[in-house]
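Just the one chain here, the form predicted alone, laid out as structure tokens.
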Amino acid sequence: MDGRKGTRTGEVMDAIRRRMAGGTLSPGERLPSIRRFATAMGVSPSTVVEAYDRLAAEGVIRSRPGSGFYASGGMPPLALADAEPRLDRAIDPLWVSRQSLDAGDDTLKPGCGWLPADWMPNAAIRRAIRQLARAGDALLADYGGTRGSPALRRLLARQFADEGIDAGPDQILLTGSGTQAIDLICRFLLRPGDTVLVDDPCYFNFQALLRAHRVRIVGVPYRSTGPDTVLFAEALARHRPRLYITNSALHNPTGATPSPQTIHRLLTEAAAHDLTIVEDDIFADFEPEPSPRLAALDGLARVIRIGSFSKTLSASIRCGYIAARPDWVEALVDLQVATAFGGPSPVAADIVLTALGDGSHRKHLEALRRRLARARRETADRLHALGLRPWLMPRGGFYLWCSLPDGFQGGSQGGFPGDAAAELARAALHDKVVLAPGNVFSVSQTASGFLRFNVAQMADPRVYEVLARAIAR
């Protein structure tokens, strides 16, 4: 369709909406005939047909075969208070997600967990979509196989082989997202009342998902070299957990990288206590040089590798994966069929496969790592001027885990009594800036003096102005 016809169609649709809003076209009243309305609007009948069809698809009007089109019943007015993020929502592990995902275009999101849209490889995605448009009807219309795209699984198997992980395509299950991958694993291995270890602090949605599975969550303090191995061993002996869920490479929220010594100790303790480890490798592509991985050293015996492509390709095109023991993958396939009737959308998997195979992808990642390195330095300097200091400078990625200014005292307005970071986040939210206060990441609620910042979302000077005002209150 050319741009002019699209514009004229929109004008016809707007004219109908105005008549309904102004009361000149009442609910149940018949619309003008296509030919009569085309004459009145000075457009072709085909334009009116398209406009009526679109309005019918939206539910604004109804088609009665042989009779014409009729205005639908009145729609309730949009309640803006319901459409906007709730400022009074409790600050819990879902708080940052809800505020970030529901925020309007005028809200800044330095607390969110993704890159800005213009940092993503959108040209490669568009090329993949254009190629998809030439695909056969089956790819566009049919369900996919239970394990997901064989070609994408073969590509992942080759990448795993480069890490030293011997996992064929049949040991890889594609999922609807990284979050769905964890959910399937929890459904498979956990029962209500089981105990799961997580890092403290950890990615807040680990906690939210585990709570949905009604399990007991135990946190292990996280250090600059990974989880405290002494306390990790004590937690295993005391609580006998079924699972341990952690980030590899670049930890969320701290940005730390586990040391080889820590990784070896974790695997030794896991073997001694029959513990299964879920290694979330979602930030792997942000590392300047690869670090040791639990799955590579373990050989997928008691470690399950998960990941997705939402951080480096697109959060809109959802696709994740699980790599695990063959017998576990078989059981997980059945669970995914039962809960989602198959793997991820074949369309999504095809776009991911094509984008990963695009000749520009490697260069995109290299440029992205350089850009993030600059952003980490610049953001750290600007935050330091406000008294906010990074706990450490990460090797890569886009998170800075920062302590609040010395002497900053929070009141009792936040999500937790005396929670300084939560109080600061509430104040910033009134100025349309979403922050990530420390205790949403902490099982023990001992991170009230921290905030997590996304350096890729810190370019707008208003972020620092709002922070300065909130700190000074």
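The first residue of the shown sequence is 1; numbering continues from there. Quick caveat, the model's predicted, so the values are computed rather than measured. C-alpha atoms forming the largest set that superposes within 1.5 Å between two forms make up the rigid core.
The form predicted together with another copy of the chain is left out here; the points below concern that form.
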Legend entry - Exercise: Asp142 in contact with another copy of the chain in the model of the complex, heavy atom 4.5 Å: yes
Inset, instruction - Decide whether Ile129 counts as a contact residue for another copy of the chain in the model of the complex under a heavy atom distance cut-off of 4.5 Å. - result: yes
Legend entry - Close approach of Ala348 to another copy of the chain in the model of the complex, 4.5 Å, heavy atom: yes
Legend entry - is_contact(Leu108, another copy of the chain) in the model of the complex, heavy atom dist at most 4.5 Å: no
Inset, instruction - Please name which of the stretches 258-266, 383-391, 317-325, 225-233 has residues with heavy atoms lying within 4.5 Å of another copy of the chain in the model of the complex. - result: 317-325
Legend entry - Position in contact with another copy of the chain when the complex is considered in the model of the complex, options Ser403, Thr195, Asn205, Ser291, heavy atoms within 4.5 Å: Asn205
Inset, instruction - Go through Ala340, Ala301, Ala237, Ala367 and name the one with a heavy atom inside 4.5 Å of another copy of the chain in the model of the complex. - result: Ala340
Legend entry - Partner contacts for 184-200, taking another copy of the chain in the model of the complex and a 4.5 Å heavy atom cut-off: Arg187, Phe188, Leu189, Leu190, Arg191, Pro192
Legend entry - Core-aligned CA displacement of Ser46 at least 2 Å between the shown form and the other one: yes
Legend entry - Rigid core fit then Ala427 CA moved by 2 Å or more between the shown form and the other one: no
